[in-house]
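Below, in structure tokens: the form predicted on its own, a single chain.
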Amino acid sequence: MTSTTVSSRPRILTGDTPTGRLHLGHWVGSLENRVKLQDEFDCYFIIANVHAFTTRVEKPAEIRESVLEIAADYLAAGIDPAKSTIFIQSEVPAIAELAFFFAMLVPFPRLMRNPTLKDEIRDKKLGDNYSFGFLLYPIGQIADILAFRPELVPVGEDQLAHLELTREVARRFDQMYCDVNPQTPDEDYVKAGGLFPVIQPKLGRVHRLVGTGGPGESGQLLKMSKSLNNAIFLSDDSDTIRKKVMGMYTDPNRKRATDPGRTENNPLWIFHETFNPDKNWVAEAQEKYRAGAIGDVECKKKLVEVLVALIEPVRLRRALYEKDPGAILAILRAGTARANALAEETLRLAKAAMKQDYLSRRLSFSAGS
């Protein structure tokens, strides 16, 4: 097994559960940040395929395909494997071992107070019909993060509750096994002898991008999601983008082109404010829209131009990777080897802190089938 390469740059860990291709919500929520941070940070990007089994245990082939889809999206969006490490969660055994130890540090009532877990149960209408593995998901995510001892975790707003639980576990481990004083400021835990940093989240410029459809049962605009069929994907071609934008929900009270239009909580204008680089056009067009001097169609056509300009280069790069799936697997193989080197080192140090360091081990890798 290769040795851990020490980087002088601060480390980042983030990633995605493979549920299919990535969309614009992923882009502004975290992926855009990741691309920008590659030159400044030592970046590790996890494709969390084990977590996908918490709700799709009967669809292993679909999960495998999603892993490759996300890897292609990463590369097409600008994640550079020469600068960053992309790896597959299930191929890093130290993560699962750490998850078992961390599970001992989280009381069950605390786990069930996790609002993200509650939201998942509600949104996916699971009722009481969820596996024990589903409840382990937040613990697994803690291990995903702390196995790499990052300082920052770029995430979307919906992941903040998970990160707070991660911070709690890092503090508790360091206090219990590394004798860190509980009064130590979060940023000084490692300096005080702790193994795990108390990580900090880094939010994208848009914390929650709405979808192209209308509001949900609560009357609130729904978050962009593949499962809700309201997403524009980073792999969509220009015709698909045009169809989705032209069918986008806007203002139900806008009956005729001459009626005043509402720009607040209107997906059309949320998208323009988020993606249109011509801020002067946006401001002037919004004023005309509110006065009834400009219609939905004209504003949607402009949005189509903006989104095609953003997505088309990504789509074309993705098409090149799709022609050579072996290249994607080679990148994942190399990244997973690097990830294992670091995660194994973390596990070794954690076992030593817990006085469970009886033996040493060395992992090896083959090309696979």
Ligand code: ATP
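Note that the coordinates shown come from a computational prediction; the quantities given were computed from them, not determined experimentally. In this text, rigid core is short for the largest set of C-alphas that superpose within 1.5 Å between two forms. Numbers for residues come from their place in the sequence shown, where the first is 1.
One more form of this protein should be noted, the form predicted together with adenosine-5'-triphosphate, which is absent from this view; the next part is about it.
With adenosine-5'-triphosphate left out of view, the stretch that reaches within 4.5 Å of it through heavy atoms in the model of the complex is, among 143-151, 272-280, 219-227, 192-200, 219-227. adenosine-5'-triphosphate in the model of the complex is not approached by M248, whose heavy atoms all lie more than 4.5 angstroms from it. Using a 4.5 Å cutoff between non-hydrogen atoms, K288 does not count as a contact of adenosine-5'-triphosphate in the model of the complex.
In the model of the complex, adenosine-5'-triphosphate lies farther than 4.5 Å from every heavy atom of D179. A residue is said to contact a partner when one of its heavy atoms sits within 4.5 Å of a partner heavy atom; T17 meets this definition for adenosine-5'-triphosphate in the model of the complex. In terms of contact with adenosine-5'-triphosphate in the model of the complex, the residue from K83, K118, R262, K124 that brings a heavy atom within 4.5 Å is K124. In summary, among the residues A161, I79, A103, V206, the only one with a non-hydrogen atom within 4.5 Å of adenosine-5'-triphosphate in the model of the complex is V206. Relative to the superposed core, Q200 shifts its CA atom by less than 2 Å between this form and the one not shown. Comparing the forms between this form and the one not shown, the C-alpha position of K226 differs by 2 angstroms or more, with the core used for superposition.
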